[in-house]
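Next up: just one chain, as structure tokens, the form predicted alone.
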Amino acid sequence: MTEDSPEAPGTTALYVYAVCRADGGPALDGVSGVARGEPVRTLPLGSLTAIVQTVRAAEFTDEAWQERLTDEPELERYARAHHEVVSVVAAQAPTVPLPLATLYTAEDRAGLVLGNESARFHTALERIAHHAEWGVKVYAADSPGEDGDETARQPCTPGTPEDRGRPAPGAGRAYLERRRNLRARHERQREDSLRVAETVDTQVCRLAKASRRLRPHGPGTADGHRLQVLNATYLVADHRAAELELLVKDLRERTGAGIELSGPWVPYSFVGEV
């Protein structure tokens, strides 16, 4: 889908949140969206409905949006407002969410472009109807520590004052052996954790309609102190949500792994490129 880039100050643009399949359109009372003072409303697209809002074009020029990307609180406000609208609509009907800041210069332009994509919207809506997105993260067990500086605790040679404080014969070899053993334990633990991650993914995939493996979070993230070995998202039928929760609970008990389940979410990850 091609978004227009409104550049002329003082003009308006049409912000599109989502496309849904709802007879008569969803109820949008009390939803404010990204633009203060402008109603969130529907735009008919034949058998589909777009959820739109009129916004000031000057607030969405390339320059204005680049500045917003560096203002974390302001960017978060827009993202939350966008997600709120999508969530309200998705609670009432199958909904394809559009990316943040999808804009068109006018209603007729939006209607033309979105209408030309109706077949792809229908395919996505058929796939996600009565389904939700769930996230599953698996973390490796805590790595064994080194219990301090082993070099400092090597046995010392008794004898003359000059000899005292020197490592005892063979202490260096013992230290290196302990280091090799520690590395081997780390590697075995990592391999065990990866096997658990594959087990979890296989079991959840049997229950889900579709899945996506995401890049595990690394150091510097909120979970950076733990080794994440699986970061995946699954499309699960609404009537199987309780079954998913029981499965994850059982996997935690059977594997002893740290497994986090989040959801249900609007299925952003499974609507495809529309």
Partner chain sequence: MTHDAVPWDRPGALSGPIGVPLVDLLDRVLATGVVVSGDLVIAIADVPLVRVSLHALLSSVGERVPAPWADSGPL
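Numbering follows the first chain given and starts at 1. Note that the coordinates shown come from a computational prediction; the quantities given were computed from them, not determined experimentally.
This next part talks about the form predicted in complex with its partner chain, which is not shown.
Does any part of V40 reach within 4.5 Å of its partner chain in the predicted bound form? Heavy atoms only, please.
Because no heavy atom of V40 falls inside 4.5 Å of its partner chain in the predicted bound form, the answer is no.
Wondering, does T61 line up within 4.5 Å of its partner chain in the predicted bound form on heavy atoms?
Yes, T61 is a contact residue.
How about A129: is it within 4.5 Å of its partner chain in the predicted bound form, going by heavy atoms?
Looking in the predicted bound form, residue contacts with its partner chain do not include A129, since no heavy atom lies within 4.5 Å.
Taking heavy atoms only, is A22 within 4.5 angstroms of its partner chain in the predicted bound form?
Although its partner chain is absent here, A22 would stay clear of it in the predicted bound form, with no heavy atoms inside 4.5 Å.
Quick check: do P44, V200 and S211 each get a heavy atom within 4.5 Å of its partner chain in the predicted bound form?
Looking in the predicted bound form, the three residues P44, V200 and S211 all stay beyond 4.5 Å of its partner chain (heavy atoms).
Would you mind checking 59-87 for residues with a heavy atom within 4.5 Å of its partner chain in the predicted bound form?
Heavy-atom contacts to its partner chain in the predicted bound form: F60, T61, D62, W65, Q66, L69, E72, L75, E76, A79, R80, H82, H83, E84, S87.
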